[in-house]
Structure formats: C-alpha cells, structure tokens
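A single chain comes next, written as structure tokens; it is the form predicted on its own.
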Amino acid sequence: MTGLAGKSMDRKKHRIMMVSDFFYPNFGGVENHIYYLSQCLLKLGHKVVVVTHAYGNRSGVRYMTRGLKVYYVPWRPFVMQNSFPTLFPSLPIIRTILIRERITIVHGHQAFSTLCHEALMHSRTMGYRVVFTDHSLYGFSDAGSIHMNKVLQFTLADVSQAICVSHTSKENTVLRSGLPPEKVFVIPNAVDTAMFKPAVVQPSRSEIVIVVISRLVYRKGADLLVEVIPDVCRLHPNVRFIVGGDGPKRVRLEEMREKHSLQDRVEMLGAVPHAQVRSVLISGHIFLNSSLTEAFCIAILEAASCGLLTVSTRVGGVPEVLPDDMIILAEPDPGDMVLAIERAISMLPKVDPQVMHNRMRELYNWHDVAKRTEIVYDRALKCPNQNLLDRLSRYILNIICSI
C-alpha cells in the first residue's frame, strides 16, 4: 500500500450533523450545497445526518440517496422557510439527535436560519465542535442586516471554524461577525457536471435565446429585468427570452410583457423544478443573471456547465466564479447590462459548449469541496474546548459591544 493510500485510510472518520432551515423539498443554492456535500462526505466514509424543519406533510425521519438520514423536525416554517425562534425549547430534540447519532461535528448552514443558530449554540453548550458556513452577503445599514449581524456575532462568538463560499463572502462575514480571519476558510460551491451537460444538438443561432432562471425577488434583480428586456428586444428582433422562476416580482415582469406586447418573445415558465433546469438551459444560448447581491451563485455554474455564455451583474463574489472568457460582467445598471448582452451576442460564434463543459468539470467538483471541508472538520476537532466561564465571558463581551 502506498503512503498516500495509507494516509487516506488512516484519516479520522467524522459523524456530522448538517443543520439548516433550508433543505429538500425546497430548492436553492443552500439546499443543493447541503445535499451534494453530504453525498460526497458519505462517499468518503463519513456518517452524515441532516436536521431541518418539516415541509408540509414531510415530517419525521426520511432517507435519501446513499442512506442520507434526514430529520424533519415537526416545526412549521414561520417566515421565508425559517422556523420560529424558540431558543431553549429546541434543546431537547437537538440533544437527542446528537446523542442518538453519536455526532462529533455539527455543521450549520446560512446566517438567516434560526434552526442553525440554535443548534450551534446548544451543541457548543454540550461540548461539541461546530462549523458554520455562510452562503450569503448582508449589508450593515438596513434594519434587517443590523439585527442579523448582532445575532451572528453572538452565535459565532464560540464557533470552532467557519467556511465562506467566496473571498468576498469571507470579508463580509469577518466584518459582520468579528470572527478572526484565520478561523474562516474559503471553499467555493460546485456543480454536478454529470447532470448539467450541453445539448447533443445545439439550438439554431438564427434566433438567440436568453435564459433567466431565478427567484423573482428584489435581491435577484427582477426590477432590472423589467428595464433590460424591452431594450434588448427593441435592438435585436431575433432575440427571445425564457424566464424561469417565481416570486413577488413576477407581476411586474408580466406587466412589462403586456405593456410592450412581448408575449411572443418573453416566455414565463413559473417555478422550475431542479430536475428540469437543464432542459430549460440547453434551449438557450446566453444565461442572464441580474442579482443585486450574490455571495457565489450556483446558477452561473449550472449554465456554464451546459455550455451557455453568461452575462451577469458585477456584484459580490460573482467575479470570482468564472474565467473572463466565459462570463461578461456589467454594473447593475440597465444600460450597462444591455451593452453586455450585445457583446455576448457578438461572441456566440466563438463559443464551444462542450469545451466549456469540460472546463467546468475540471474547475468545480463536489468531491473536491468535500475533501476541503474534511480538512476544516479535522482542524475543528483540534480546537481547544473552552470551559463555561470562558464561553460566557465571550458572549458577554459580544453583548456589550453590540450595545
């Protein structure tokens, strides 16, 4: 046996509890991240369970691929798929799962998840090592961000290690939470390239199809789309849009379509199940992302893996995601975005979807993400375990600093 193989076999196997309010059957970047990371960790020989709240009649214990065990705690979502903050009433069930599954590492996901915050706090009280992954960017001036940042400072005062999905996200998290930068690792998201493959027969370029798949909310730049789409359609008669997604801003897009008589050039699909995202992507040539804030954006990876040239707003961690020849960045301004789309249209003859797919397969891989996360777990277990007085002093210090 080679030394490398022996070292791999000798690596300590972890028993991990993933905790977040966001998981299947809900779909999104956080949900996909938890699922794919869990599957790859299971393949590496680790034990993984997921804890989330109930979704409709999906409650209790369920099993997914590779025997991934999911605890759907019988709490209903309160707002935006978040469970109601209970603080101490959640302790008994968290404690039961920790002991029953003999957990060694607790891994919480997403700053906006109340279940994540409560699980991290209770786990540290019981002496477990905890890791936190931040998937989003938050501001510093609006009321919601101010309150969330105070909660984050309190929760992460005693975290073992933290992970961010981009360098921009790391900088944002360190500033918001006060975490020492040496405790925060950058591990990007990835894409399942086996699922997101280019079409066997490429769509004709006699008609240029621009695909948008996103939640139709303010943060995702739905208002920008309302201004950009009519201008692009006016300048390019051979351009058609396919818009997948749902949300409160869908009404504005439908009003825009009616106002400019674009019913035959703007197709509204509504919510698109994740299993059908590829079939929508491969019907287009350009993928358009209009987000106003984004820590990473997995949708861009999925589009590039399907061979689509991407046009995106230059926000957050987006400039870190793709090489310059695979993405065209624009300021979150309608005029600049229209110019970027025109540039993308002129670049289409040089785009080879299969070459893009092969590059994505080399650049982003969930197995690589799992191996890098495994190293963070190893480091978390080596962190000294503070006594109760030390932990209380850090909590009190954060409360004083927040006043």
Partner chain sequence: MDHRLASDSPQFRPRWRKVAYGGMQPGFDDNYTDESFLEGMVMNANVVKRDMLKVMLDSVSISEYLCIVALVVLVWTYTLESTIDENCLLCIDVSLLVSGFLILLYTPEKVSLSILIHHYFLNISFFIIGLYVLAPIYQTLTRSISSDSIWAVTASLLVLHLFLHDYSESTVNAPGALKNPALTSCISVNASVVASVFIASRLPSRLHVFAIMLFSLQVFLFGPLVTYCIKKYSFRLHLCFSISLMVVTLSFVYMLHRLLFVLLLSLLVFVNVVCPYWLIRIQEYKFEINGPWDEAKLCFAITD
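Only a predicted model underlies this, so the values are computations on that prediction, with no experimental measurement involved. Positions refer to the first chain, counted from 1.
Below, we turn to the form predicted together with the partner chain, even though it does not appear here.
Exactly one listed residue, out of D246, E267, E101, D333, brings a non-hydrogen atom to within 4.5 Å of the partner chain in the model of the complex: D333. Proximity to the partner chain in the model of the complex, defined as a heavy atom within 4.5 Å, singles out one entry of V321, I105, I229, L281, which is V321. Using a 4.5 angstroms threshold between heavy atoms, E254 stays clear of the partner chain in the model of the complex. Taking the partner from elsewhere, M126 is found to have every heavy atom lying beyond 4.5 Å of the partner chain in the model of the complex. Proximity of L292 to the partner chain in the model of the complex: non-hydrogen atoms within 4.5 Å are present.
Contact check for L175: a non-hydrogen atom falls within 4.5 Å of the partner chain in the model of the complex. From the list 107-115, 321-329, 92-100, 206-214, the contact stretch for the partner chain in the model of the complex under a 4.5 Å heavy atom rule is 321-329. Site residues F132, F196 and W366 are none of them in contact with the partner chain in the model of the complex, judged by any heavy atom within 4.5 Å. Although the partner chain is not shown here, in the model of the complex the stretch 173-198 places heavy atoms of V174, L175, P181, E182, V184, F185, V186, I187, P188 within 4.5 Å of it, in sequence order.
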